[in-house]
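A single chain, nothing else alongside it, follows as structure tokens in the form predicted alone.
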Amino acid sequence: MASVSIQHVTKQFGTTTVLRDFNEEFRDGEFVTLLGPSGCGKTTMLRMIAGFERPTSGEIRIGETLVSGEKTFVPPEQRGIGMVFQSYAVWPHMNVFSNVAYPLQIRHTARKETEDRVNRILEVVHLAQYAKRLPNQLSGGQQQRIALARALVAEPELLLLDEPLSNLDAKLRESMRFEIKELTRKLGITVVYVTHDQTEAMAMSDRIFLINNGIVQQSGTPEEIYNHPANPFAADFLGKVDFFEGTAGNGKIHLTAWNADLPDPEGQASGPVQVAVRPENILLGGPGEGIPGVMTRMYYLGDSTDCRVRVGETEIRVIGDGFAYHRFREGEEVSLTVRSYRVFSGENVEEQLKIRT
């Protein structure tokens, strides 16, 4: 079993509280991502699971074993985990093959099995052709992949990854996301992954834990957090979103700047509200098909069209498909249909958004 149980963990550095009452369970075989802005505490949590930091209070268990507690502390080398840091650490005097094989050699794994496992993992990380090269003959991204391969080759039950793809180019980073996910799923490895990249989190995770200011703002599947954000910070951090002021009552929400009404999804809001609208959840149409507006700007992005539409007193961002660029023209009348949105109480919305930075 490689579940991770974190019970009321708080971490302080001096008078600064980095994590506050973190109380979560990561299930066996689950791919969990700790997501949030820089300085939110996600890497500190990873380092406490690994044993490189001790909690100020609370307990951490890996499987049934208490590894951090008031009177208990198991050192990192006895926790049976694999870890890859953002700053890769490879041995400069060893070639790629030897770097990756090292965890198997210190376990006295049979030579043939070592060769087979190393060669297989080098194929996965696209380094098979560089097996005999030294690290200083490779790029930073390739050295990062050596570190990743070295952690995976030992097939640990628990793998901790601290932004392991940050030094890769965009195309390789995209392919590696799916390869890491598939490999760890095939091996049945529990993964705790740290990133501030929302696309990585969405693509790879079974569950996301969204952290800000040391507090878990929301946890859930990527679909749950994206489509049902618990608060304005969650809505703003994951994906693109715009907030509009409105007044709720009688089952409707009047958007002041739009001079238009939307149905209240739950029919219970009253008074000032903020409506969070994702630009891809607005449909473009011809005149008379919805809320009237004027197309002011269009940006062709190939698979999508990024538009700005003037509605009432405000300009609204709308992301349509690539064909929208040829269907509409700047300066012409269009209409908008809002398919999905979230309604938040007007109180504390500005404060929620401010803490992102």
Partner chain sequence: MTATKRPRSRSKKILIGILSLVMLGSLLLTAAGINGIHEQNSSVYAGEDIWAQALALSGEAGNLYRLSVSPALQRQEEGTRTACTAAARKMLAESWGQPEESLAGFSEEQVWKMLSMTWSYSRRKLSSSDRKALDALGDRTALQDQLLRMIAAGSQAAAEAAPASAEAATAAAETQGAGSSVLENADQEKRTQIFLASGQEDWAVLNRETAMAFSRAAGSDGNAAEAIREVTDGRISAVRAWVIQHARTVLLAGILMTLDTLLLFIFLHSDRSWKMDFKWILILVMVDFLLLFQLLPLVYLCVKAFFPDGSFSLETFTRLYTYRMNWQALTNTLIASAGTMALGTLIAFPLAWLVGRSNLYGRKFFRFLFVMTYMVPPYVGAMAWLRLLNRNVGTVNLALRGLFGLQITEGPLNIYSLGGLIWVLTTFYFPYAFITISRAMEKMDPTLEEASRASGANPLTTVIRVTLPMMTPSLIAGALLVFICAASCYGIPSIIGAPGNVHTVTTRIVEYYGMGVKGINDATGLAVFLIALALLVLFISDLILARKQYITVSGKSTRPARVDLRRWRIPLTVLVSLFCLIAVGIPFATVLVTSFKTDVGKNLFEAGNFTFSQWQSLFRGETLDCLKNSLIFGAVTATAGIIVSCTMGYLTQRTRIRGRKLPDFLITLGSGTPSVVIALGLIMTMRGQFGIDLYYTAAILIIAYLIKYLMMGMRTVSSAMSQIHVSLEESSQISGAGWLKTMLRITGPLIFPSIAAGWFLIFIPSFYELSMTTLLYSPDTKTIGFQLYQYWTYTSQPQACAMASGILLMIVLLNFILHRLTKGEFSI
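C-alpha atoms forming the largest set that superposes within 1.5 Å between two forms make up the rigid core. Keep in mind that this is a model prediction, so the values were computed, not measured. Positions refer to the first chain, counted from 1.
Just so you know, the form predicted in complex with the partner chain exists too; it's not on screen, but the next bit is about it.
- Proximity to the partner chain in the predicted complex, defined as a heavy atom within 4.5 Å, singles out one entry of F97, F85, F244, F233, which is F85.
- For the options P103, P135, G214, G239, the one in contact with the partner chain in the predicted complex, meaning a heavy atom within 4.5 Å, is P103.
- For the chain shown alone, E163 is a contact residue for the partner chain in the predicted complex, at least one non-hydrogen atom being within 4.5 angstroms.
- For S68, no non-hydrogen atom is located within 4.5 Å of the partner chain in the predicted complex, even though that partner is not displayed.
- Among heavy atoms of R54, some come within 4.5 Å of the partner chain in the predicted complex.
- The partner chain is not shown here, and in the predicted complex it never comes within 4.5 Å of any heavy atom of E182.
- The three residues S139, K171 and G188 each lack any heavy atom within 4.5 Å of the partner chain in the predicted complex.
- Residues with any non-hydrogen atom within 4.5 angstroms of the partner chain in the predicted complex fall in just one of 68-76, 250-258, 214-222, 198-206: 68-76.
- In the predicted complex, the partner chain lies within 4.5 angstroms of a heavy atom of only one residue of 20-46, namely T43.
- Core-aligned CA deviation for K171 between this form and the one not shown: less than 2 Å.
- Residue displacement note: F233 has its CA displaced by under 2 Å between this form and the one not shown (rigid core superposed).
- For Q105, a C-alpha deviation of 2 angstroms or more is recorded between this form and the one not shown after rigid-core alignment.
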